[in-house]
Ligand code: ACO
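There is one chain below, alone, in structure tokens, taken in the form predicted on its own.
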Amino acid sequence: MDLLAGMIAKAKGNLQRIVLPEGLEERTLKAADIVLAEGIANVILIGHKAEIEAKAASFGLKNIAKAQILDPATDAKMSTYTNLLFDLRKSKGMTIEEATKLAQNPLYLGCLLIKNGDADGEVAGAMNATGNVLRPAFQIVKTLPGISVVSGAFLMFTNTPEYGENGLLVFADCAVSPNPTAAELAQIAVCTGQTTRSIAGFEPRIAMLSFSSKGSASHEFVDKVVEATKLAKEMAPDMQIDGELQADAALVPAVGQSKAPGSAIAGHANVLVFPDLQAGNIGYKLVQRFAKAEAVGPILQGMAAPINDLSRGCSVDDIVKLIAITANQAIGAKK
């Protein structure tokens, strides 16, 4: 897990402002305390100041005083955030009264801080469903230029150093988009390549997965992956991308040479892009359980600023890691 140590060191060297909307959630507070103690990021907690401080004290937390606490009921900039939300959504029929009410919602307020330049990234989801986290993100922060789909990547730390980068692979999409079109799958591939560069720190070799390798099967599902591969190469000519490839052809040199002779990716992939969410979600969980791999993520990709969604079953350590990852995404986005 040297990579995670490296990400933490990078975050410490370039402190980012990470907003945590769930300011009263126990694991979130404990993670914030660790992040502040270790100097991993500047933390913004949303909630009533007295309640947050009382809860932190009840848990014996010593560093929450270092956090910025934004109370929606009293903060002087709430009118700024309300007007920003109204301007962004009035064309969709939002009234100023609705904007005033929604701006009080911590998940909306966190995104408004980012949009207004008052925060660099957000981590939420310990007590909110994914849809509730992503809805304000789509409405306020929106996606990157040229990107219409958000996806979720996992860093897969396996015990098989012969695969990927000494056992580390990046899987996507395993979390968000159920059935991407060819164009969306191409976007997922390129975004995953960018995540690999900014977070994993190595050059991506991207395999577009299918049940076919280079025309070994004929089906509309295969056609989608072939088209996605073509579009991804056009979107990112500086990235190594190939497909369609079966998983063994992507990972095992001898199989890759047999099934896709001449491919620079076959047998050497370190990024696996799955054709749909069913395959991606099943695939990462099988590797996680059978291979006893550590799956870190999902790392959300495609947003105009880093906003990451936690599992509601997450641990304190999971939140600390995702804050460090979010900080690294923010650093990468500014380059």
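All residue numbers are counted from 1 along the displayed sequence. Bear in mind the structure is a predicted one, so any value in this text is a computation, not a measurement.
We do not show the form predicted in complex with this ligand, though everything after this point is about it.
Checking A247, M239, V149, A99 for any heavy atom within 4.5 Å of this ligand in the predicted complex turns up a single hit: V149. Though this ligand is absent from this view, in the predicted complex it lies within 4.5 Å of a heavy atom of just one residue from P261, G117, G93, P178, which is P178. For this ligand in the predicted complex, the listed stretch (224-232, 118-126, 72-80, 85-93) containing residues with heavy atoms inside 4.5 Å is 85-93. The putative spot formed by S315, I319 and K321 is not touched by this ligand in the predicted complex; no residue has a non-hydrogen atom within 4.5 angstroms of it. Although the partner is absent from this view, R135 contacts this ligand in the predicted complex, with a non-hydrogen atom inside 4.5 angstroms.
Although the partner is absent here, H48 lies well away from this ligand in the predicted complex, with no heavy atom inside 4.5 Å.
This ligand in the predicted complex is not approached by Q194, whose heavy atoms all lie more than 4.5 angstroms from it.
For the chain shown alone, G215 is not a contact residue for this ligand in the predicted complex, no non-hydrogen atom being within 4.5 angstroms. Of all the residues from 289-311, the single one having a non-hydrogen atom no more than 4.5 Å from this ligand in the predicted complex is P298.
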